[in-house]
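The chain below stands alone, shown as C-alpha cells; this is the form predicted on its own.
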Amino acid sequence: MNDELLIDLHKGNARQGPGGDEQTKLALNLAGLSNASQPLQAADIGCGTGHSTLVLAEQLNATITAVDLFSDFLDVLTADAEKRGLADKITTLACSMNDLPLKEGSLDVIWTEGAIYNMGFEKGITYFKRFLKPGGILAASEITWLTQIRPREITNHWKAEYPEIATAAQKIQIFEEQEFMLKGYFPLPQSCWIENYYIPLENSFDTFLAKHDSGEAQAIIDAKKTEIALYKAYRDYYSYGFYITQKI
C-alpha cells in the first residue's frame, strides 16, 4: 500500500494502533520503573506519533529515543512534546527498527507498543536484546490469541495476515528461550481497540477520501472497514497482549 496515504490517514489521530494511557502506566508499574532513582536510557521503537512516548516521558526519570520509520509521525511527536514541556526528555530518530543505530548494551528500557510484528516477534526480541543492559526491561504489546478454540474464519484470517500470532503462553515461552524473565502480562481491553483507535479512525474516513479521490485511497479505507468488522465480530478471541520482561 502507498505509505504516503497510510501516513496521512493515521497521523491526525492520537494512536496508530490499539492502546491506552492507563495500560502504558500499568505496564510501567509492572516493570518497576516508576521509582528509578538514576536517570534511565530508554527507546520507544515504532512509536508512531508518540502517544506512549509522552506517557513514558511524563512517568519516568529517563531520556527517551523515539524511533519510527516515518518522519511525519515524529514531527507530530516533537510538536506535542514541546506543548507539554517534555521536549528535553525526548530525541526522535527516523529509521527502520531492523537497523537501529544504537549502541549495544546501552539501554535500560526498550518499549514497543503494537510494532514488533513489523519485523516478526521472535526476530524482534532477539534483535532488541542486544541493545539492553543486563537487567534491562523489554516491554512489548503484540497480537495474541485469547483462547485455544476459535472460529475458523478468524483463525484463517490471522494465519494469512500474521502467521506468528499465538497464545500468551507461546509468546512467553519465546521470551524465556531468549533469556528474558516475565514480570507481567495482561491483554488490552476492548476499549483500547474501539474507543481509543477504531472510532477516531472511522471519524477520519470521509475527510481522507475527500482529500484523496482515488481507487487506492478507497482500497485502504475498505481494508480498514474489513479489519474493524472482523474485530467487532471476533473480539473475544484476540487482542494485543502486553508483555513486560527483564533481560536475565
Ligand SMILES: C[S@@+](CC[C@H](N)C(=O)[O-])C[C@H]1O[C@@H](n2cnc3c(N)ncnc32)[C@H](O)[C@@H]1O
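Everything numeric here is computed off the predicted structure, so don't read it as measured data. Position 1 is the first residue in the sequence shown; the rest follow in order.
Another form, the form predicted in complex with the named molecule, is not on view; read the next lines as being about it.
In summary, among the residues I174, L86, M97, A166, the only one with a non-hydrogen atom within 4.5 Å of the named molecule in the predicted complex is M97. Proximity to the named molecule in the predicted complex, taken as heavy atoms within 4.5 Å, picks out 65-73 from the listed stretches 28-36, 204-212, 175-183, 65-73.
Interface residue remark: L138 is not counted as part of the site for the named molecule in the predicted complex, having no heavy atom within 4.5 Å.
Taking the partner from the other structure, the named molecule in the predicted complex has no heavy atom within 4.5 Å of any heavy atom of A43. For the chain shown alone, A115 is a contact residue for the named molecule in the predicted complex, at least one non-hydrogen atom being within 4.5 angstroms. Using a 4.5 Å cutoff between non-hydrogen atoms, C47 counts as a contact of the named molecule in the predicted complex.
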